[in-house]
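Listed next as structure tokens is one chain, alone, in the form predicted alone.
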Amino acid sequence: MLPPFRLARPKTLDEALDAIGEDQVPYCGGTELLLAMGAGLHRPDVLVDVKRLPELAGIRLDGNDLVIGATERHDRVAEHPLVREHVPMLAAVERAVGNARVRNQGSIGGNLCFAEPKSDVGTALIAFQAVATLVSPGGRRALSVEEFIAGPYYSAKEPDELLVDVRIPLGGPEVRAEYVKYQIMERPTLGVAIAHEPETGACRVVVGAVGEVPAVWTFAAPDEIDADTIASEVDPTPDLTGSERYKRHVTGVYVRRAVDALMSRGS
């Protein structure tokens, strides 16, 4: 049973900003939020429905950025031609999020705001150095997704802020990227994202799901990625899917697989 709450349906962004607060929580798909409420972990007084706000919707190019509105559903992100053209790794990740219900109902913004530790999406976006745009009555600010995911089930969004969109910088040659994951239950045990910038040669390796927040390493080139170092430095959370020692082992294995996939794609 859900605890009692009131529902607000603002028609404009300004109305939405007036409606949200510490106990007035924005929601779109509600796939994670309603589960937390049903479990008694979250008891907001008001749910503020932002699904119909045009400022939070749409997928478009803005200069050198690919902009994805916060209320865009996982399945729409997965199939959108701009996402498939410019960041196909993200499209592939979105096609495999959760289950069909989650993909059809859950939004990319809700996924980030809930900061579920076992999320594929945040890990992939961090690899692309994506930036979250936040709006409040005081104005706008931008945070890297790496900063935005502040802890397990905790984002850096303030109670009076709305996540409007996520921006993925594209400029220059297309970034080569790969994502691999190890999954024995509905949520991943481990996800590894690698993004390689051809102009500089630099590689970002992001390991998610294995610990409380995604962890990031930077290497000068794909052939310099050290899977053993990453496995030793990652901070796994032991749970039903494996011990700390086991998760370190799996991390090393899947970092190597991600590197092999990246190198094969470039050959």
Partner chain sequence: MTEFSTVGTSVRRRDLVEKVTGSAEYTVDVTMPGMLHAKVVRSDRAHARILSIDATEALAAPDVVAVVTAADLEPLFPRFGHIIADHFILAPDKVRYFGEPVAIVLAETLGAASDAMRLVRVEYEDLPSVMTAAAALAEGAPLVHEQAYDATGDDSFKSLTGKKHTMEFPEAEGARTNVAHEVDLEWGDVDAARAGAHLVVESTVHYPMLYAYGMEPYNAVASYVDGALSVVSSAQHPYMVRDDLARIFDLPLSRVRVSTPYIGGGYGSKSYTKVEPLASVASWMVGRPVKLVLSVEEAIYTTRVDTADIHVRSSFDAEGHILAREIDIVMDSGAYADNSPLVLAKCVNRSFGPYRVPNLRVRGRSLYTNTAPASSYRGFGAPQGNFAAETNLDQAAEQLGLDGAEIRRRNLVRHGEAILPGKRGIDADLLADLEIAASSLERDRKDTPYYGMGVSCSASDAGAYPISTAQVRIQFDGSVIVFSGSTEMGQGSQSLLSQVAAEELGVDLGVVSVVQSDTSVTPYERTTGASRTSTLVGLALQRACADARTRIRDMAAEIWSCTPDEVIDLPGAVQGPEGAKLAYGEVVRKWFGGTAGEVTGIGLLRREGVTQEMPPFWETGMVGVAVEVDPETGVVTVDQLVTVADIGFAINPQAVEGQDLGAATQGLGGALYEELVYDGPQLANANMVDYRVPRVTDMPRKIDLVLAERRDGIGPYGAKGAGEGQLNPIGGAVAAAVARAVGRWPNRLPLTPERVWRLLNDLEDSDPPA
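Quick caveat, the model's predicted, so the values are computed rather than measured. Numbering follows the first chain given and starts at 1.
Not on display, but discussed next: the form predicted together with its partner chain.
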Please check if Lys11 has a heavy atom lying within 4.5 Å of any heavy atom of its partner chain in the predicted bound form.
-> no
Does its partner chain get within 4.5 angstroms of any non-hydrogen atom of Gly30 in the predicted bound form?
-> no
Would you check, heavy atoms only and a 4.5 Å threshold, whether Phe148 touches its partner chain in the predicted bound form?
-> no
Could you confirm whether Tyr179 comes within 4.5 Å of its partner chain in the predicted bound form, counting heavy atoms only?
-> no
Among 181 to 189, 67 to 75, 138 to 146, 159 to 167, the stretch whose residues bring a heavy atom within 4.5 Å of its partner chain in the predicted bound form is 181 to 189
Report the residue, out of Pro44, Gly242, Gly211, Pro222, that has at least one non-hydrogen atom within 4.5 angstroms of its partner chain in the predicted bound form.
-> Gly242
Residues in 1 to 27 close to its partner chain in the predicted bound form, defined by a heavy atom within 4.5 Å, in order | Met1, Pro4
